[in-house]
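What follows is one chain in structure tokens, specifically the form predicted on its own.
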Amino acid sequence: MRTEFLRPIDGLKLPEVYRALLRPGETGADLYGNAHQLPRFFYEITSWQQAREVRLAPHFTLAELMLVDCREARLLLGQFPHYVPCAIVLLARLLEDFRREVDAPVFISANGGYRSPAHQIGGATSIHAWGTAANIYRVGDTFLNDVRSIGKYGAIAASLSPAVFVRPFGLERGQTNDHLHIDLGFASLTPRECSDAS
């Protein structure tokens, strides 16, 4: 696993333009109105090459978990450095455990890993802003787009830990019908070399 290139950054020390988009340490609300502190600590990513080379787990690179589309804030999408919450390493560990259980490649959709609070899909209300959620559209040769496939792989994911949440199949708010959504809740990670003191 190659993580030696990851440099942790206190988001409160970033330039104002980044702080306005990432909102480090600010309070955000989830879909149900529950308040959660947005991530404060990030890994600084200097290039796509670095993102492709850094393995957060044996079968998952950082690039797979931070791929977004044009709905991301231009500053965060169009240039480097990029910043991803440090808790993304927890997500990678979960995905590696899931891959081991299903014994097949696991494919994360674009916008299916980390999205900043400035992203037009969900923004600060989305658990993806914590870097602890993944949308999986395919496992091996199986596309996850029906009740059977989402139910089957959702049950496997949920069996990995009581901390794992899986959205049920459906068309209502908080459900999914074209991917498997798994997450670890609103987890944050403070690197050893960083201080929580303001």
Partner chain sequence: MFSVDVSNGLHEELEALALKNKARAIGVALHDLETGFRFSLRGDRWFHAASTIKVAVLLAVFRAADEGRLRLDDSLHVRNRFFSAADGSLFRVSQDRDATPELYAAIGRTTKISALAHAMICGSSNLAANLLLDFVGVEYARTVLREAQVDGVELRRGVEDHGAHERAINNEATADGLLSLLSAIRGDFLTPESKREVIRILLEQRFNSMIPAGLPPHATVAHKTGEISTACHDIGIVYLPEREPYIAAILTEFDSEREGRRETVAAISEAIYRSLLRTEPKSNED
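Quick caveat: nothing in here was measured; it's all calculated off a predicted structure. Numbering follows the first chain given and starts at 1.
The protein also exists as the form predicted together with the partner chain; that form is not presented, and the subsequent description refers to it.
Please tell me whether any heavy atom belonging to D10 falls inside 4.5 Å of a heavy atom of the partner chain, as the geometry stands in the predicted bound form. Contact with the partner chain, no.
Does N145 make contact with the partner chain in the predicted bound form, using a 4.5 Å heavy atom cut-off? Judged by the heavy-atom cut-off of 4.5 Å, N145 is in contact with the partner chain in the predicted bound form.
Given that the partner is absent here, does R93 sit within 4.5 Å of the partner chain in the predicted bound form, heavy atoms only? Judged by the heavy-atom cut-off of 4.5 Å, R93 is well away from the partner chain in the predicted bound form.
Even though the partner chain is not shown here, does D141 get within 4.5 Å of it in the predicted bound form, heavy atoms only? Flag for D141 set to no.
Partner-facing stretch of 42-50, 25-33, 63-71, 153-161, counted where any non-hydrogen atom is within 4.5 angstroms of the partner chain in the predicted bound form: Only one stretch passes the 4.5 Å heavy-atom test: 63-71.
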